[in-house]
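Given as structure tokens, the chain that follows is alone and in the form predicted alone.
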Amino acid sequence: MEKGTSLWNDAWRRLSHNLPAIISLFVLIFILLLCFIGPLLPFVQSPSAIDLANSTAGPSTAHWFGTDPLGRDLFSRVLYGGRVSLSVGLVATAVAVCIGVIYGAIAGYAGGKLDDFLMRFVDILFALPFLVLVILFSLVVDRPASEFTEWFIRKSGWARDSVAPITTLIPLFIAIGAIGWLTIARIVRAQVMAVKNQEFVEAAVSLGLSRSRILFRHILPNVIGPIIIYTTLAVPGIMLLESVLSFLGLGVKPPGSSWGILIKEGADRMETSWLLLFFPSLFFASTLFALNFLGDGLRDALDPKSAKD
């Protein structure tokens, strides 16, 4: 008698045979560790330390990636900027996916008038300019976020320099996540509608299982592939959106940085100091390609219709 395996064991076995996906996974882990743990190392300099005498210097043992026009260490700025870009991309995407998956799954499974009402609301939001909505929403939640920063500093006793760079990004997380769920809601709705009439769902209904159990335990695991691939594609898109908002003064505040801001600064000085553009672009492009390859691999690995090897 053949021993059964779970969906996740099967998925990991298929993923482990996908070399581009595995390489991409290790690249992402390396970039995450480098950005979030690297700045804690003693040899990594402060990203805000200005040395005008060493402006736009090339790579050296003291400055691995060189320096920017203010003499700040580009290596540390790339790492700290990666923290911001990756945090915004991952957190905002997680918020958007959670809202969109639940919303789309309910609409697709319920059908009828409820589905019509929920999707007409999505259509209305789609008709409005996305960037303007994000800007307006971020302005609305900016004051509560500032009040939360002051409250947290009073209660925790932490220094403002340690708290403010994180809490000031809360409006950005909420704004992008609360508006960016529309596409994933449509995707999940279509997938749920395609799956809900299949035999295994009818079997679950005949067993007397509740609608919520059928939806979240039986239907959603069978549409995880499109959700994963959308998530991996949404992260770099949201990172780009963060750079646009930061450029408009609604995102990362100076002297903070992100990959988007560093790429913009490097593009402005590309003819005189191309390294300012090369290193942030290298990290951003590597993250983008790794997410795409990993998303393709996860889509194939998590497809429940795939035959066992």
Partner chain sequence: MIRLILSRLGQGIITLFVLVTLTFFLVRAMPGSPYTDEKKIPEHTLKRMKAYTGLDQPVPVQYARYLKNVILHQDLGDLIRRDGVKVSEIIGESFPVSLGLGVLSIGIALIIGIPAGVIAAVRKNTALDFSCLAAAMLGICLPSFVIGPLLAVTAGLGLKSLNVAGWSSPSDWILPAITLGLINAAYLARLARGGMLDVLSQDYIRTARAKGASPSRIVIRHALRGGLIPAVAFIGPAFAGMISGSFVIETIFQIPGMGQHFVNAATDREFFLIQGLVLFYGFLIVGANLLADLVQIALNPRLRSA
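Note that the structure is a prediction, hence the values are computed from the model and not measured. Positions refer to the first chain, counted from 1.
There is also a form predicted in complex with the partner chain; it is not shown, and the following applies to it.
Among the residues L131, I102, V205, A94, the one placing a heavy atom within 4.5 Å of the partner chain in the predicted complex is L131.
For the residues L215, A110, L86, I229, the 4.5 Å heavy atom test against the partner chain in the predicted complex is passed only by I229.
The stretch in contact with the partner chain in the predicted complex, judged by heavy atoms within 4.5 Å, is 235-243, chosen from 172-180, 94-102, 235-243, 205-213. D10 falls outside the set of residues with a heavy atom inside 4.5 Å of the partner chain in the predicted complex. Contact check for F152: no non-hydrogen atom falls within 4.5 Å of the partner chain in the predicted complex. The partner chain is not shown here, and in the predicted complex it never comes within 4.5 Å of any heavy atom of L90. In the predicted complex, the partner chain lies within 4.5 Å of some heavy atom of Q191. Annotation for 120-137: interface residues with the partner chain in the predicted complex are R120, D123, I124, F126, A127, L128, P129, L131, V132, L133, I135, L136 [heavy atom within 4.5 Å].
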